[in-house]
Structure formats: C-alpha cells, structure tokens
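The chain below stands alone, shown as structure tokens; this is the form predicted alone.
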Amino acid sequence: MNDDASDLIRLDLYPIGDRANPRRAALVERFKADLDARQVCVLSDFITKEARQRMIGDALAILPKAYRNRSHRTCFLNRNGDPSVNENHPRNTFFDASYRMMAYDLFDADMALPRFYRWPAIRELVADVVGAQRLFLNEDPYQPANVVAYGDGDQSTWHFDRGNDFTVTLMLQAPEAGGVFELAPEVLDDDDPDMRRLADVLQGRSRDVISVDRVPGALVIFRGDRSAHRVSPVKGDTLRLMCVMVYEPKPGVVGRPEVNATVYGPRTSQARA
C-alpha cells in the first residue's frame, strides 16, 4: 500500500515534506494565526489540477454506491426537541439536510484520496496548524476520509462538530450556484444559557456569519466544536463534491456502529469495535 501523496500536492506552494524548510514554518504560522482569529483557515490550490480531476473521477465512479442521507434535526444533531425550553430556543429549531455520503471503504487503498489522507506529511501539517503534539489516522472502516456529494437542492444545515477540536475538508468540485460554506465563530457561550447569539444565527439575524469561498483544490481547517456551520442549498446540475477527513489525538479510534449506520447507511452497522 502506497502512503506517499507527494505527487498530489502543490509542493511549489506548500513544501510540507520538509519540516526544516523555513517556508513551511512560515506557512504554519500564517495558518495558525488565521485559525485563531477566524476559527477557519484556507490553503488554496493545495492539490494539483490532475490530482483533483483524479479524485473527482474516482468519486463519480463510486457515487452509485453512496448513501442518500436525509435528516430533520437541530443544530445539535438531535431529532427530538427539548420541552424544558421555549419553542424558539435553538434546541427546538429544526432544519432539513440532504446529501449523498461516500464512506472510506468504498475507495481502493491506492486511489488518490486515501493516499492523500494517509500521507504523514499531511497529518503533520494539520497537527502543527491546530497545535496538536501528534495526530493519528482514524481506524474505523468507514470514517477516515469521506466524500460528500450535494446535488440540486441538497444542503448541510447549521450544526456543530461536537467532540472534535477541528475539522479538515478538501474541496473537489464546486456547484454552479449555492453550496457556500458559512461559519458562525464561537457562538456557543457558556455564559448565555438562552443561546441568544446562536438563535440569531439560526434565524438569519446574525452579523457574525462569515462565508468561506468554495474554491476547488482548497484544504480547509476549521474549529467546528463551538462554531456553528453549514453548507447553503446547492443549485444546478453540477455536484458539489467535498472530502471530509478525520484525524485523531490518539491511536486506535473507531466509531460506534449506531452512528455509522446513521451517517453511512445500515450496511455499516456491524463496524469493527
């Protein structure tokens, strides 16, 4: 199994293979500053055009096996409301989401995307940007690196990535219109039990929301644990294709079968423990 992905990366812009390279150190400091200031950083043109086309081709070939995921939920991913708070509270505000999910096991190990995910230089870069001493690959059969496909009318509604200090995505293909990644930085406030800032985001009243350009080939790192985020509705016939990658602070992490079944479909409910 080939774990080298140096052929996929714009090493002329991102010399990540050499940790002693001063250009790499400068890039890390730049993106750390962006992440601290905005809770998101964007590494544009991170992969080559050829690599992106290869990943798109692989994803489109696998698309018929993708799981069609539809849900009606709150931003906390709950499907039921909370009777202890008023009906306009974020815990009782529901949205519809829909997309198709391509799990990691559908990709051959030597395809471009799995190689990209496994390459240690990528993992080390992410660790340095997010301030982690070391990161490990996720060892679940389905979770490590997924491709999410959004067609006309699909969207990912406001939510948090609870329990994850950071999220890593790679934009493969933009739609004709819509499909904008929007982020409301740090709107969960322990001193605000009524979640008024979050409620403003959910009701479209907030000025805190920032939009992140949907530029194909960009690697995006963001902190979604306390920052609400969504993908706005996609319009047109061109699919929005985005890869989501999971890196862990400790080795041996696998997902719960019931969670896998919800995200990737019933076939995944027997995930190895």
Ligand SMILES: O=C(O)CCC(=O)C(=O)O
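One-based numbering along the sequence shown. Everything numeric here is computed off the predicted structure, so don't read it as measured data.
One more form of this protein should be noted, the form predicted in complex with the named molecule, which is absent from this view; the next part is about it.
When you look in the model of the complex, the only residue of 99, 181, 104, 119 with a non-hydrogen atom within 4.5 Å of the named molecule is 181. Contact annotation: of the candidates 51, 66, 231, 40, the single residue with a non-hydrogen atom within 4.5 angstroms of the named molecule in the model of the complex is 231.
Only one of 66-74, 41-49, 240-248, 28-36 places residue heavy atoms within 4.5 angstroms of the named molecule in the model of the complex, namely 240-248. Contact between residue 128 and the named molecule in the model of the complex is not found at the 4.5 Å heavy atom cutoff. Put simply, residue 123 is far from the named molecule in the model of the complex: not one heavy atom of it is within 4.5 Å.
Under a 4.5 angstroms non-hydrogen atom cutoff, the named molecule in the model of the complex has residue 159 among its neighbouring residues. Heavy atoms of residue 173 never reach within 4.5 Å of the named molecule in the model of the complex, leaving it off the interface.
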